[in-house]
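We begin with a single chain expressed as structure tokens, specifically the form predicted alone.
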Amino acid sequence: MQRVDYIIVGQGLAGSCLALRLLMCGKKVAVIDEGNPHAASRVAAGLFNPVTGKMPALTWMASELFSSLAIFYTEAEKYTRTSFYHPMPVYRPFISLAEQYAWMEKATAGEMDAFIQKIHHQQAFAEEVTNPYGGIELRQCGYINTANFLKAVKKVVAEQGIFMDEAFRESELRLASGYVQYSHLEAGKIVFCTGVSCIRLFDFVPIRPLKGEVLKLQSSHRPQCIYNRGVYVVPEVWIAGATYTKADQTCAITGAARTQLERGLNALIRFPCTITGQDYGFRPTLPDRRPVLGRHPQYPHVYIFNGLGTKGVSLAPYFSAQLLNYMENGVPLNQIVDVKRYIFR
């Protein structure tokens, strides 16, 4: 038996951020992941943006999340000796004068000062984006090259711990008093970061797959911003997306999604680009749209970290730190995200 401190099942954004944090504080880690190409973390453009919804509103816990992610990804680049963190403004065109006035009112109130770079009352970035009513330029935004990030984490885990490139077999898990066993591993704790994959131990958590499709692009242009209205366009990784479909659970791209994304892309950008492909993935979501983390009600060495939904890039750094502090130091979790909210229903 090989002894480790933690086994992490799943190497998406949740599992990767948690694994890195554990390695950074000197823990011995084993990660098990089969590398599903349609996991949300592998398909996503990696966009992080503090504004959400059709009306001007900050995303939940924006101040905490965005300060945490900037520190974490900067440290993670140094630790893995890899580049994947790309701060960049997001420009969101207004669709009407009414929306422009609503943003001006928000800016006057001061509640979004930390995230507003500039309100453009007239057309801006005219060669790149359609915006006859101007738009809002946001800061503390950007993207994570998730492909580079996941590869870097896999490499450093393999170098400093154990990486098992295979599917997890729940039937081989043994839960003992004070430790867990799996295959040739013995660990103090095991954490399930499995996305939409069903784990029997946590079948009481109502994870709901949310399908998303994206377009893969190619362009020689170098945009000044990430453009986001109806669709987003993220440079370097050159992804445009994304759709949000609860009803469609088919493991395939669709013509309807391509039509929707092409229409949005053509209405948004003015610079030339070519569509080179299309992809899909399934995001793990929960009914209350909050992540889920914490300890199993029956097995004290079994934990979950899941349900990051459409905002994994911004949620994973902050909540991986919260989970680590809970597991190592007993610091209570926020009740809003604690798995107990499903246990005691």
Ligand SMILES: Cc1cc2nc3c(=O)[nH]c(=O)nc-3n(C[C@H](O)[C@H](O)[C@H](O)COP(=O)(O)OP(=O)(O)OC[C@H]3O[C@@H](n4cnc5c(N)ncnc54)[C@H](O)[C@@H]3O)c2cc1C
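Heads up: residue numbers just count along the shown sequence, starting at 1. From a predicted model like this one, the values you see are computed outputs, not experimental measurements.
As for the form predicted in complex with the named molecule, it is not shown, yet the points below apply to it.
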Candidate spot 14, 46 and 310, all three touching the named molecule in the model of the complex (heavy atom, 4.5 Å): yes
Look at the stretches 162-170, 101-109, 75-83, 264-272 and give the one with heavy atoms within 4.5 Å of the named molecule in the model of the complex. 162-170
Wondering, does residue 327 line up within 4.5 Å of the named molecule in the model of the complex on heavy atoms? no
Quick one: is residue 50 in contact with the named molecule in the model of the complex, heavy atoms, 4.5 Å cut-off? no
Give a yes/no on whether residue 36 approaches the named molecule to within 4.5 Å in the model of the complex, heavy atoms considered. yes
In the model of the complex, does residue 294 have a heavy atom within 4.5 Å of the named molecule? no
Just to be sure I understand the contacts: of 226, 214, 152, 129, which is the one whose heavy atoms reach within 4.5 angstroms of the named molecule in the model of the complex? 214
Pull the contact list for 242-266: residues with a heavy atom within 4.5 Å of the named molecule in the model of the complex, in sequence order. 242
